[in-house]
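So this one's two forms of a single chain, laid out as structure tokens and tagged structure 1 and structure 2.
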Structure 1
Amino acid sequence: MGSFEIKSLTFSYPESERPALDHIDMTVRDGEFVLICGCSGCGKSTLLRHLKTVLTPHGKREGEILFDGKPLEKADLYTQSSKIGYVLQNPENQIVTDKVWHELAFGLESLGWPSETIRLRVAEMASFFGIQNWFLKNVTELSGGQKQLLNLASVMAMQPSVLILDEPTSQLDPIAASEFLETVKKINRELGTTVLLSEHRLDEILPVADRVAVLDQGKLVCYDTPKKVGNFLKNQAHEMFSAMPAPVQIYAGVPNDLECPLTVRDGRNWLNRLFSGKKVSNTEPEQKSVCFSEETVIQMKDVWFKYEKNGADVVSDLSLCVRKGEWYSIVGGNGTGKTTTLNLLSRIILPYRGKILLNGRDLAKYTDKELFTKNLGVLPQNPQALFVKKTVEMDFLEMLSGTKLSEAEKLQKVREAAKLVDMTPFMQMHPYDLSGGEQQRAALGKVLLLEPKILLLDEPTKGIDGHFKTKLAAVLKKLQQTGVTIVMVSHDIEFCAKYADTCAMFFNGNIVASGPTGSFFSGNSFYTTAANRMSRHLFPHAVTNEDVILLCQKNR
């Protein structure tokens, strides 16, 4: 068994005026795959954490949760630990041992299972999840995707009847995320495990879900099959429609009476039916206008770096050039050296060979004040690294502490930054009480208070919903028009394809390919957008939803 019945669940965090969950009523049947989505801060994580009492946040709660027909709080710790598996958003937060094999056995040991059973379960999970090749490794040697897969395998070793996953792919590159989600589908399909999953990346997971729950400011606005949810969001002109898979958005943008596609394969078939018997003559999307100069602001020349003296090179013979006002995006798998490159550019670490020039000057010769005062701004991969105060407002004010501005001027700047990143309602909250997406926005607001001329962004769209991604892009484009240069590391292929000027592929510590965004993505098979994979047989150079919609309209 593995079913939940949630009855009029209402929950408020301490000192919060608005409930995080507002009269939620939903039933999850045994063996179902339920996807939970919504904008950042809508209550997804809060709802999931209520489904396991040890993770339930502190606050005021009303309503009832039944697990297999009985009140959840009456299920003892042993039952909940073994029957309700939970995978957290950040893989680092769940790993507790030093070796892969020990991590697989840890949960079973904690439950007091006999040694022979533990050995059998560990061997079974290692085989099922393909962990044999790194079974004896230290967990510190694993990539982000491997760590998350290890967390999933460790949970499944206890044979839970329910698997709960809170944005499990937010830290993973597109291929690792795809492989991870395929494993989750396999668990649901082949083992019959009930799955509840919250996610911002809906392209791959929405088509396989039995039902989709859409939360909006703590309320359940829709709970139905994927197609009905897509139609509901479209008809309501809801902001969450921007998070729907590319085939759904493209379908909605082209007037037609055919059935709505959910997958890339369905989308290709839909396009074939749409243009059946018609000649497709317009196949080239409109070219992006270039708004950056030829002046070079960042240059890396033959840069090498490794973390340990006798270790392997993480960055090897890297050369790149970024021009003033350019939006330069770096994509690639986990562990290829992307974040290390940003750390080199921000002088957190130093290369052992090669040169890094900023505005033609050796980066090592800048003082800290010269480098970070209205010059270089850095948004790290973990936004919590920037939070040092008790409220968001105090954190923002801390960025202006060394300036000659009056208190009134500082407050005005803080209000403007908060408005820019949609954080005005959260300014009196503790940064750690924010959702992942809200923390990302708060961290960006802090960085922008420095008025940087060069922005280094490490996974800026992590945990952010589709609606705010559009706002974030507008903010960055506005900065770009004033001459700000953006260097962004991202796993968000769709975001890079839509907004970046130049994209580069990182592999094995170096750039293996780079070029203008359109030509870069249209030449790839896997590292490309769903829109391109869906339409390349008709429009080979279309990479965004807007490209495909416009070409469909031109050819009809």
Structure 2
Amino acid sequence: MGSFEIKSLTFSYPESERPALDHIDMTVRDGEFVLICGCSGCGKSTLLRHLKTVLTPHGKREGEILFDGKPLEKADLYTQSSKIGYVLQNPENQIVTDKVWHELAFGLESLGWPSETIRLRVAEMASFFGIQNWFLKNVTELSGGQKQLLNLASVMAMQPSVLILDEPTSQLDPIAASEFLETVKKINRELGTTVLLSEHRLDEILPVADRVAVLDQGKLVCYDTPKKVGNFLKNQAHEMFSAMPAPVQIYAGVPNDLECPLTVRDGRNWLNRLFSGKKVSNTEPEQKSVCFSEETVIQMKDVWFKYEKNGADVVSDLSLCVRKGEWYSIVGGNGTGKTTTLNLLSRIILPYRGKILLNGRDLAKYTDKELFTKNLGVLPQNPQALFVKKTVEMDFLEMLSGTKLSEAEKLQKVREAAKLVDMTPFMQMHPYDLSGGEQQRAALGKVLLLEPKILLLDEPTKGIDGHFKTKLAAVLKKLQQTGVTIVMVSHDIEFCAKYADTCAMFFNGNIVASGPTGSFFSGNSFYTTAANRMSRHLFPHAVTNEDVILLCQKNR
């Protein structure tokens, strides 16, 4: 119970030339854990949505899907609702009711079960997922990770035989994401539920998947065990390869005929075998050239902040100093005050003690106009909050509405900004129709029209895949070269390690350590990149995949 057979499925959206799915053939066996990966817009979601009739998008469709040997359309709504569980991407949007217990019972109520049975099921699920402690709470009191766990639990309460998850962790921070994936693994292992999961952060989930399907422009290019898929992508030099876990990428960058490692532990063993009997002499990665000046643009001096007079301090005794043209990134766990610090810098909130200086002048003394035009640009965590018009172009023009430029000059400026953020082909689209990475860049372009000298970014890589991350980084690097200072808050260690000049670790409302990226990460033993964790016994200062690959090649 719980198998799928997809036979030559082709699907195209209305008014679209290219099929979104192109002759997909795949089988999912009962109890299997299948991972589906691919770039944004490759058809992952479209494929998954076809596996449940009520969610299937409208369009032209050929081919057949069998669920437990029978055509899927033949299974009635009741069977599909209870047997095929579906968890969507956004934790907030999926929650329907205001109480945790009510949400858990929602599906069972729909199925029309009596109260006694629902009570038992709900109790079972709450215990299995460790929800007892927040069972009676309002859903607004939960964290993002808890919300997604609640969504999973309320689907599991209906005891489905197949669980489908569409990028369930893209909106979660790394700790919450790994906790969530751990639970999914547990469901697969202990309940034998078939799992189909699409994901772009593969580090953790790839090693446990039974089979991996790689989609590219609607085609199934590869469907095999993780190791074989790694090999395949490497041989094809496929774009998706950049999403593979660090050990796989490093393995691929070094010519060798050993077995492909998937986890950090395997990667260490692989390195040991690679260098067994050889002397490793060259252990220092190349130093990044530092291109920022010594001039200070942002300075925080003993800053304290709390939301209520009797509340706890969110930011306490914080001092930091950012220099002109620097890419400064703040990393650290959830709720340590990172975003609050960014809000302090953008003057959305004010400190109750201490001083913030911008270009040597007190931040509180700036007028709004002085502060936000040609000075400070802020990119919010959710780019959707910035869009106000029907098309991206109109949205961009909106930013210039207060200036005295002529129409032609405005258009010229908008075009330049669009080019800078690589959005030229999308200017006539509705901002909400763009994918996450494109929205992020559109919002950035909008902010850039105010010609900021300092850019504040709040988790710019949240929910976007490797391809878009690279694009975003290229845009930001370009800006940095024109002298723009970047202050970024992020959970994405790999991204910070690759691009930032300086990293600072936030803990308990304060910076506990900071330094140039390379020495910062190689000094940490847990809070560091996978490449560093895997290779630190040989190359203690190598931080990025490229560092390790280069050192491996040098030492052979």
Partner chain sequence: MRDVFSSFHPIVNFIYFVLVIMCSMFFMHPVFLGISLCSAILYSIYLNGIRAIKFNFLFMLPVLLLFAALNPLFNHEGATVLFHIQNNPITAEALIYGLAAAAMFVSVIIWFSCYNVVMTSDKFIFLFGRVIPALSLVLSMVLRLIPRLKAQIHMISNAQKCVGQDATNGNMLQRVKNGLKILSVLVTWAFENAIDTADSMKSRGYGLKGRTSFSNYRFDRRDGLAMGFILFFFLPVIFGALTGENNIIYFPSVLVKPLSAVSLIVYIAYGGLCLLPLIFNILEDIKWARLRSRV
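These figures come from a predicted structure and were not determined experimentally. Definition used throughout: the rigid core is the maximal C-alpha set that superposes within 1.5 Å between two forms. Along the sequence of structure 1, residues get numbers from 1 upward.
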(request) Decide which single structure shows the form predicted alone, answering 1 or 2. (result) 1
(request) Using a rigid core alignment, state whether the CA of residue 328 is displaced by 2 Å or more between structures 1 and 2. (result) yes
(request) Take the rigid core as the frame of reference and indicate whether the C-alpha of residue 101 shifts by 2 Å or more between structures 1 and 2. (result) no
(request) Verify the C-alpha shift of residue 369 between structures 1 and 2: is it 2 Å or more after superposing the core? (result) yes
(request) Fit the two forms on their core, then tell me the C-alpha shift of residue 447 between structures 1 and 2 in angstrom. (result) 5.2
